[in-house]
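Heads up, what comes next is one protein chain in two forms, each shown on its own as structure tokens, labelled structure 1 and structure 2.
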Structure 1
């Protein structure tokens, strides 16, 4: 019984990790931008969902449809306005640019909303499904199901639309794609917008579960990078499976070994997997990095 509960909890938190990592795997995996502002976009989405619920009484599952497009716009704007110029220079330039953006976004949030730890706590956020002594948190379950649905949608987009195919083409062979008439910068703006919308979805769905504060993104950013690399850069299925693996390992090891050891356990596993499969669980070897026009 305890084991069953642990596995359920592990899968649910794995869903959270998958949700946070989906957008990152597009941005980091396809565009090779080490995106430190990803966690702060998550924080922004959580705040927007929190305020929509507190001030306007919108359920996060409704505000989702407003906040995700907002985040997409913001992502596109930030890519076009800042990162587009940085990625031309060098890898380091784009890393520093995203770190700088992260600091700006965090401190704007700090000034606007103070450092208070806010949290939605309603009957709904605490609701659980009980089934023979097992307890499943409803907000976590919804987050998990949406993670799966979003993965399927983006998968379809990438495989069955022109833009999606172009993104994949640019990801696997950038120069050839450009030679075939694909405009990489326009494509990358789209890609960054989609990645930001995905983290927007993640943030909204996490708002009923976690406290919101200006540095909440840092809590999830490291694990999201681990999930993305573990699953294979740019692979959506990889992000879901990677998230579930980390979630399960974390939950089981913190019960059977010790909670303070769980990070050690999953990072060891991470290293082991990279030793045997350097491109990650679902990754393909990709040659040639660096964004050029």
Structure 2
């Protein structure tokens, strides 16, 4: 029964990890950008959910419909204003640009909201469902179900819309897609906006579960990088599977070893992947790997 409880909890949190990682792997799969500001977007979404609930009394699940579009606009603006120029120079320039943006966002948050930890309490905080002797956290279950629905919408968008097919084509062969009339800059802006919106959704879902502070994004960015590498760089399917695996590893190691050791366990897994299978579970060691692999 204890093992079943741990597995269910791991799968639930893993689903949210998968959603957070989807945006990161989408941006890398199409744009080949390692986005270090991704975690800070999650932090901003958590703060926006907190202040929307504190100042306006909004439920975080209702504010999601406002915060996700705001993060999408912010992502599109940052790409068009900063990263568009860095991408044209080199991979190193784009990486340094995202690191610089991450430092700026964290320090602005620190000046605006201080380093205090804040917790978002909702009607579901502390609520659990009991079924067959198992106890399931209601906020975590809601987060998993919303993450599952959003993930399904992303896959439907990529496979059944013109823009989604253009994204997959550019991820597979960027120059051929450009020759077929796909505008690279518009596509990159769209990808960065979608990736930012996805991590915004993830931040809102995590706000009732975790405390928010200016550097909270670093914790989840580290998890997202491990998930993306485990699943395979640029593979959306891999991000989903990797998120579930890391959720299980984190939960099981917290119980059977120690809560303070959970990061060490999945970081050791991260190193093992880099040593023995650098391409990940679903990635390929080829230049053309993309979001449809």
Partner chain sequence: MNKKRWISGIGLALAAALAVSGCGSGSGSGGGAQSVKVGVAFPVSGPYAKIGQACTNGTEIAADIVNDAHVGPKIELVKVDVPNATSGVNEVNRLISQQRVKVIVGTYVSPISMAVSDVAERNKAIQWEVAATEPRLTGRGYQYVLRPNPNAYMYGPASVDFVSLVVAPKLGLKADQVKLALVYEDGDYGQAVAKSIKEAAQKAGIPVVADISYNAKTTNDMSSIILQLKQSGADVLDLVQYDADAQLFWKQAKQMGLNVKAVIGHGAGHNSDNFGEVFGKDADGVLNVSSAMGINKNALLPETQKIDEEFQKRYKEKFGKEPDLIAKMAFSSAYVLFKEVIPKAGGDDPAKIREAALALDLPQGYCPTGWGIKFDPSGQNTRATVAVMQWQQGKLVTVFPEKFQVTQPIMIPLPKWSER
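We call the rigid core whatever largest set of C-alpha positions still superposes within 1.5 Å between the two forms. Please read all numbers here as calculations on a predicted model, not as lab measurements. Numbering follows the first chain given and starts at 1.
**Student:** Of the two forms I pasted, which one is the form predicted in complex with its partner chain: 1 or 2?
**Tutor:** Here the form predicted in complex with its partner chain corresponds to structure 1.
**Student:** At a 2 Å cut-off on C-alpha positions, does residue 39 qualify as shifted between structure 1 and structure 2 after fitting the rigid core?
**Tutor:** No, the C-alpha position differs by under 2 Å between structure 1 and structure 2.
**Student:** Kindly check if the Cα atom of residue 66 is displaced 2 angstroms or more between structure 1 and structure 2 relative to the superposed rigid core.
**Tutor:** It does not, since the residue 66 C-alpha is displaced less than 2 Å between structure 1 and structure 2 after the core fit.
**Student:** Angle of the smaller rigid domain relative to the larger one between structure 1 and structure 2, in °, please.
**Tutor:** Relative rotation between structure 1 and structure 2 amounts to 16 degrees.
**Student:** Can you give the CA shift of residue 270 between structure 1 and structure 2, in Å, with the two forms fit on their core?
**Tutor:** Looking at the C-alpha of residue 270 between structure 1 and structure 2, the offset is 4.4 Å.
**Student:** Given the rigid core as reference frame, how large is the C-alpha shift of residue 234 between structure 1 and structure 2? Answer in angstrom.
**Tutor:** In the core superposition between structure 1 and structure 2, the C-alpha of residue 234 moves 3.0 Å.
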